[in-house]
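This document opens with one chain alone, in structure tokens, the form predicted alone.
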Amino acid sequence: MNDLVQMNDFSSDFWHWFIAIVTLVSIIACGILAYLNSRGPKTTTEETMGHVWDEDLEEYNNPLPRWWLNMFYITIVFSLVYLILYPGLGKYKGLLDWTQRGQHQQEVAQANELYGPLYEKYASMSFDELADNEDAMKTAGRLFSTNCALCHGSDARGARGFPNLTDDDWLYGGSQEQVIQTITHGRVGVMPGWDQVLGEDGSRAVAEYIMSFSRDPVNPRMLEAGKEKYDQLCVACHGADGKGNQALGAPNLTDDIWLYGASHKGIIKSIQHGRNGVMPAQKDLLSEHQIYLLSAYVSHLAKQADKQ
């Protein structure tokens, strides 16, 4: 990727030369400064610079210690050698032609060579067989911790806006094929905001009606008005019975599981302003076999919750 970034960043040769010249001039200036500070008497003197701290602490006019200057010289030589071998001077790639993309591809190839046979073995097993395989689940757990825990939590219970993967409540379906599809290609969930259409009172009424699917409403007098608005605007995605539509990623409104909060105010806010959620695709980060194993792990978590 580094090579592509360089070609895109330097649309003009000016910036290439600007960076190269500033870098080299800075290094040379450091070398000159170190050299100038190495000149002078080799022994200590009583001459001071006129700077006094705490009444009796003075700065003497003595050259820098030789070992200190040698460290500067070593650093300068190292930087010049580095810039000859590696990219650092504008578009110059260095004698080794090193790039971030090349390094990443090399490390991925080494990892695939080392762990590929293991993942191929797991890919030949069914989800149920993987669930009963302790080593497979440990490996999958490490994949989850590295790639999924940031959003879904180390315990896979999610957070506000990030689904709980242990409750067997699936926005896009929990079959083997659907889980693999979700992890491989990601998901984009969009709920439009209805504030301009419903207004404050209409949003509250719809919220009351939606909450009546799974709990006692706060204001039962608004149920009739809420149902009327729901039938006009919400049925197409969530269905007349409120059980949602996995093909659209429209949540089930009858199970009292709320991705963005179950409070009265939170539900009204979702209706008024809508919600947008993105699950990033993992196909460019994980191999097909790794995704298969990870899908089995996630399905296993949901089945365990369902048994409880």
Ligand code: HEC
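When you see a residue number, it is the position in the sequence shown, counting from 1. Computed from a predicted structure; not experimentally measured.
What follows is about the form predicted in complex with heme C (HEC), which we do not show.
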| message | If the criterion is a non-hydrogen atom within 4.5 angstroms, does every one of G173, A250 and L259 touch heme C (HEC) in the predicted bound form? | response | yes
| query | For the chain shown here without its partner, which stretch in 66 to 74, 31 to 39, 53 to 61, 274 to 282 has non-hydrogen atoms within 4.5 angstroms of heme C (HEC) in the predicted bound form? | reply | 274 to 282
| said: Just to confirm, with a 4.5 Å cut-off on non-hydrogen atoms, which of V218, L223, V190, A111 contacts heme C (HEC) in the predicted bound form? | reply: V190
| remark: Partner-free chain; cross-checking heme C (HEC) in the predicted bound form, the single residue of Y92, F162, W98, Y115 with a heavy atom within 4.5 Å is F162
| query | Is there a heavy atom of F127 lying 4.5 Å or less from a heavy atom of heme C (HEC) in the predicted bound form? | reply | no
| query | Taking heavy atoms only, is I19 within 4.5 angstroms of heme C (HEC) in the predicted bound form? | reply | no
| message | Taking heme C (HEC) as it sits in the predicted bound form, is Y122 in contact with it (heavy atom to heavy atom, 4.5 Å or less)? | response | no
| query | If you check in the predicted bound form, is L85 within 4.5 Å of heme C (HEC), heavy atoms only? | reply | no
| query | Which residues, if any, of 141 to 158 lie within 4.5 Å of heme C (HEC) in the predicted bound form when only heavy atoms count? | reply | F144, N147, C148, L150, C151, H152
